[in-house]
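Starting off, we have a lone chain in the form predicted alone, written out as structure tokens.
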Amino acid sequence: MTIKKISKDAFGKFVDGLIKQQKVMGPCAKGDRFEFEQLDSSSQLRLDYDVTLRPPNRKYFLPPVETLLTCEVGGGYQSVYDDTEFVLLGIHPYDLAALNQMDQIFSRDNYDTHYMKRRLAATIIACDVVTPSKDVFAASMGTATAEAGFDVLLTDIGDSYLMETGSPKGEKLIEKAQGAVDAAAGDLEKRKNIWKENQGRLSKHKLNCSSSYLPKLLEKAYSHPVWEEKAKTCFSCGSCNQVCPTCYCFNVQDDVSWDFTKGTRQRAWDGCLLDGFTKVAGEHEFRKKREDRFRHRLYRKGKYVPEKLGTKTPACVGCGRCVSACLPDIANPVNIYNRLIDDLGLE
């Protein structure tokens, strides 16, 4: 592990150098909101952003729509892959936690070559949060700071950035950072204080238990009335699914040309809150009721995925996007989990 200090001016030149060599994706302003886009210049980069509209891990590693293969009569089929190297610059710790979790999902059991080729082609430069968003609760989910999964971690300490390497790829990358010097003890102390502050600042909605307790809490909450109560005003629009960095459900569809000579197979985002998500052959639908779909989302985040991966980290990283996106204001996981704690108690 190497920790360097670099002035902001020198860092801008470093980023401009990267842009000349390969694609660099970073947070850019979109009016008063932010979105990850390909950078043409370091001047576009906004590392002081609060939260992006879409999670960068899904945008770049599991895109909304992607072609898996093409086929044609007499020509067989050809898998389609994208392994273009690029740098993902400025991902926040909570989104990094989601990316690390998605890596586990797509690399185990049935290894997903489409996802993993993109992932292995990427260099991840994470960035500690400078401006907390209004609905972030990453501190409650243990994702306010990052300890692993990055190639480089940036921390804004005022007039400079600290750059910590987390992999051989990161070590190689910061060799290109001209003007970077070894971080001093005082610089590390500043970073330590920022991490401590972020544990408090990234807690706009406070969970009244340890996030590792959620699977046990949900074991006794399956028949709780909160699911039906909340579902009464749910639009089944799937907005919470679409903006969530840990949702990875997708649908696969074959499209054939009008003359039946060629076609493509694509996958596209899907969501458990959408009506018809669980419909199977014979028009059977095993989660037809809205409250069942609403409950499934919260169980998936707090119980199913953590148990699948054998981790204490829930499949909710506290980014707060679902809270902001939900029109009837019922999607906040913290509010629901706290209601269950109040009614069912802690053990």
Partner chain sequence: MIKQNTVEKDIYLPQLATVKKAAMLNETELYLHLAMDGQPLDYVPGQFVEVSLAGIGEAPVTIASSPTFKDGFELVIRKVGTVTNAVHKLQPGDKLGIRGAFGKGVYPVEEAKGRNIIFICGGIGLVPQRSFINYVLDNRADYGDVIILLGTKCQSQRFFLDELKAWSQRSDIQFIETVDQGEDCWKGNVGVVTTLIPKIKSKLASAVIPVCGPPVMYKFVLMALQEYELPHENIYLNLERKMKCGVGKCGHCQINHSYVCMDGPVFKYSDLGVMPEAI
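Positions refer to the first chain, counted from 1. A quick note: this is a predicted structure, and the numbers were derived from the prediction, not measured. Only the largest set of C-alpha atoms that superpose within 1.5 Å between the two forms is called the rigid core.
Absent from the display: the form predicted in complex with the partner chain. The rest refers to it.
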Exercise. Do Glu72 and the partner chain come within 4.5 Å of each other in the predicted bound form, heavy atoms counted?
Worked result: yes
For this session: With heavy atoms only and a cut-off of 4.5 Å, decide whether Glu175 touches the partner chain in the predicted bound form.
Result: no
Exercise. Applying a 4.5 Å heavy atom distance criterion, does Asp255 contact the partner chain in the predicted bound form?
Worked result: yes
Exercise. So in the predicted bound form, does any heavy atom of Gly158 sit within 4.5 Å of the partner chain?
Worked result: no
For this session: Report the residue, out of Trp227, Tyr213, Phe106, Phe86, that has at least one non-hydrogen atom within 4.5 angstroms of the partner chain in the predicted bound form.
Result: Phe106
Problem set entry | in the predicted bound form, the one of Val130, Leu120, Leu188, Cys237 near the partner chain [non-hydrogen atom within 4.5 angstroms] | Leu120
For this session: Can you check 34 to 42, 282 to 290, 48 to 56, 317 to 325 and let me know which stretch has heavy atoms within 4.5 Å of the partner chain in the predicted bound form?
Result: 282 to 290
Problem set entry | Candidate site Phe137, Arg201 and Asn338: all three near the partner chain in the predicted bound form by heavy atom within 4.5 Å | no
Exercise. Are there residues in 294 to 310 with a heavy atom within 4.5 Å of the partner chain in the predicted bound form, and which are they, in order?
Worked result: His296, Arg300, Tyr304, Lys308
Problem set entry | Large Cα move at Val73 between this form and the one not shown, threshold 2 Å, rigid core | yes
